[in-house]
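One chain follows as structure tokens, the form predicted alone.
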Amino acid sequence: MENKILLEIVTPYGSVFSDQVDEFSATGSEGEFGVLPGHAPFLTTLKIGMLTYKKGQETGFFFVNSGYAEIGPDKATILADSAERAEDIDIERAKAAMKRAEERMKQAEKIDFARATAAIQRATIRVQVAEKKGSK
């Protein structure tokens, strides 16, 4: 399809999203990147972050929990550990997870710091993505 790129988001549990979009952006290991149709091919790892796409007047938001992105001129595949649409995120549950992770961080000598940091990061991004569903 002209001036569109096929965006596919896949997790170990199956396809989460597959549609022709105008553009999208995601959080790679080297920072945020944007993709338009005709983009030069590249591969990158993904960090915990937000994926945003535009399709006409519609803007969509996903929470992406690490993974890989394979970008081509007319197709992009996101292979994520997990991914959730903004409208599927339970914001109260995400906020509770953030609060639990922050409490664990206060007990610095008794915890796995990297695991607690990742938990806070996941919860924070999930809350940010969930809050986007009302701002479309």
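Note that residue numbering follows the sequence shown and begins at 1. Computed from a predicted structure; not experimentally measured.
This protein has a second form, the form predicted together with ligand ATP, left out of what is shown; the following refers to that one.
Checked against ligand ATP in the predicted complex, the residues V35, I78, A97, L51 give one hit for a heavy atom within 4.5 Å, which is A97.
None of E70, E102, D90, D74 but one reaches within 4.5 angstroms of ligand ATP in the predicted complex through a heavy atom, and that residue is D90. Contact check for N65: a heavy atom falls within 4.5 Å of ligand ATP in the predicted complex. In the predicted complex, no heavy atom of F113 sits within 4.5 Å of ligand ATP. By the criterion of a heavy atom within 4.5 Å, T59 is excluded from the residues contacting ligand ATP in the predicted complex. S82 belongs to the set of residues with a heavy atom inside 4.5 Å of ligand ATP in the predicted complex. With contact defined as any non-hydrogen atom lying within 4.5 angstroms of ligand ATP in the predicted complex, the contacting residues in 114 to 129 are R122, R126, given in sequence order.
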